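The chain below stands alone and is given as C-alpha cells, in the form predicted on its own.
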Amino acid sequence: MDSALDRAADLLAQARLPVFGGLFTDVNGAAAALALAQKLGGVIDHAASSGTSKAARVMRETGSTPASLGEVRNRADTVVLIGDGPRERDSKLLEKLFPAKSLPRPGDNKRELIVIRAKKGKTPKGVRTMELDGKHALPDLVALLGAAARELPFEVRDAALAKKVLSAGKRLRESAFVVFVYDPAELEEPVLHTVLETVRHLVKSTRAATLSMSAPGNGDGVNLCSIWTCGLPMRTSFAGGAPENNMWAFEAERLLKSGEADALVWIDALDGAEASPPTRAFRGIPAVVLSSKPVKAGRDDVVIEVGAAAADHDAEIYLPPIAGIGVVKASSGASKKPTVADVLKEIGALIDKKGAA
C-alpha cells in the first residue's frame, strides 16, 4: 500500500491536467476528490453526469417545480410517465408511486397513469392507465400532449391517437396535482424544455410538478457535494485557480480522448453500482484507480483496492425516497479496507510532503 500511494502521488504531482472521473463513491469520498482536484488544478466529472448536467442546464434556463417521491405517492392524482428510463432505473417505481394506501389526496379524481412511449409493463391495480404511443417518437408525443394541455391546435393523422391526446390534455387541466416522471439522461433538452414549460402553464390554474429520477452511482449526492463545496456542479475545472463549470469542455471522456488530460483518477467504490470506465481502457492515459471491484488496468496504472461505500463502511449518499442525503449502514460489517476518502487524503498529504522537500 505504501508503495502504491507513493507512486500515485508521483504520478499526480507531475500531471498537467488530471481528471477525476467515475466518482461512484459516498459524500466523504466526493469531498476528498474535490479537495485533491482543487490542489492539483484538475477536473471533476461523475460517470453519470450527462443526465444531471443536462437537467441542471435546462433548469437554469426554464426553472423547475420538483416534487419528492413521498409527495407524489401521497398527493398526485395524475402521473405522467415518460419513456422507459424511469422503470429501468427502478423496476418497482409504479408500486412505490401507487401504493394500496396513501394519505388523503386533493380533489375528487381517481388516480390515473398516463404512459408516454414506454414498453408495456405491470400497472398498479385499480389505477386507470392511458398509453400514448402509436408510430410517433417520444419527443413528438410529449409535444402533442403539451399542446393539448394548453388547448393549442395540433395535427396528427392517427385519429385514435389524436382523441387520446385531447383526452389526456383535458385530464391534465382538470387534475388537482399532476406530476411528470422522467429520467433526464433519456430525454433530449428540447423534450425537457417542453415538459417544464407544460408544468409552468399548468401551475397557473392547478398544482403540477416533476419527479426526476436520481442519477446512478450517487450522482446526485456527488453533485450536491460539489455545489456546496465550490458553488458549481460536476464538470468543473480548477485549472485556472477559480472553479469554472462547462458541461462540454470538462467532460472526462472528451478530455481523455483529445489528449488534454494527462492523468486520470478513476473511482468506482459504491455498493450495488458499477461505473463504466472510458472506452479502450483509459485511452493510454496513466491512471490511479480506486476500486472495490476487480479492474483491468494498464501497465503504468496504479490500482488501489478500497472498501465499497454502504457495504464495507457506513456511507452518506443521496436517498431518493427522502430526496436528500442520508446515512446507510455497512451491509457487510466492519472492514479493514481503506475508504476512498482515506486514500485520497493520504495521496494529497504525500504530494504536499514531496513538494515541501
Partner chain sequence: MLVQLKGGRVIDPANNRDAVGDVYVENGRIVEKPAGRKPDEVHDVSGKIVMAGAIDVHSHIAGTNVTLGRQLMPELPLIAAAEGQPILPSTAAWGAYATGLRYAEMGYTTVIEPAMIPTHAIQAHKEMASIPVIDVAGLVVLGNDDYTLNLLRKGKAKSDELKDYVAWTLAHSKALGLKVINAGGSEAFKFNARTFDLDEEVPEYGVTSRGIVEAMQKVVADLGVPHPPHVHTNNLGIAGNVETAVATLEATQGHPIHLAHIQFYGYGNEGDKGFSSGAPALMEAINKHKNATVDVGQVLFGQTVTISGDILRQFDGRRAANPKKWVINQAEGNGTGVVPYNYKRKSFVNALQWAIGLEIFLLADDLWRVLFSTDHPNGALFTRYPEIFHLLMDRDERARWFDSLPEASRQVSGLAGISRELTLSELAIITRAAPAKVLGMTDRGHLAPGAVADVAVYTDQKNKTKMFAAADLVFKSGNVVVRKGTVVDVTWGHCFHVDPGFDSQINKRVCSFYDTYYGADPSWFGVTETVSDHPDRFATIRCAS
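Remember, predicted model here, so these are calculated numbers, not experimental data. Numbering follows the first chain given and starts at 1.
Below: the form predicted in complex with its partner chain, not depicted.
- Distance criterion of 4.5 Å from any heavy atom to its partner chain in the predicted bound form singles out Thr206 from the list Thr123, Asn109, Thr206, Thr194.
- Between the options Val295, Ile325, Ala311, Ala35, the residue in contact with its partner chain in the predicted bound form by a heavy atom within 4.5 angstroms is Ile325.
- Contact here is defined as any heavy atom lying within 4.5 Å of its partner chain in the predicted bound form, and by that definition not a single one of Arg89, Ala168 and Trp266 is a contact residue.
- Comment: 96-104 is the region of 115-123, 130-138, 96-104, 181-189 lying near its partner chain in the predicted bound form, near meaning a non-hydrogen atom within 4.5 Å.
- Within this chain, Ala67 lines the site of its partner chain in the predicted bound form, having a heavy atom no more than 4.5 Å away.
- None of the heavy atoms of Lys163 is located within 4.5 Å of its partner chain in the predicted bound form.
- Under a 4.5 angstroms non-hydrogen atom cutoff, its partner chain in the predicted bound form lacks Ala249 among its neighbouring residues.
- Looking at Glu71, you'd find a heavy atom of it within 4.5 angstroms of its partner chain in the predicted bound form.
- Counting a residue when any of its non-hydrogen atoms is within 4.5 Å of its partner chain in the predicted bound form, the hits in 22-36 run Val27, Asn28.
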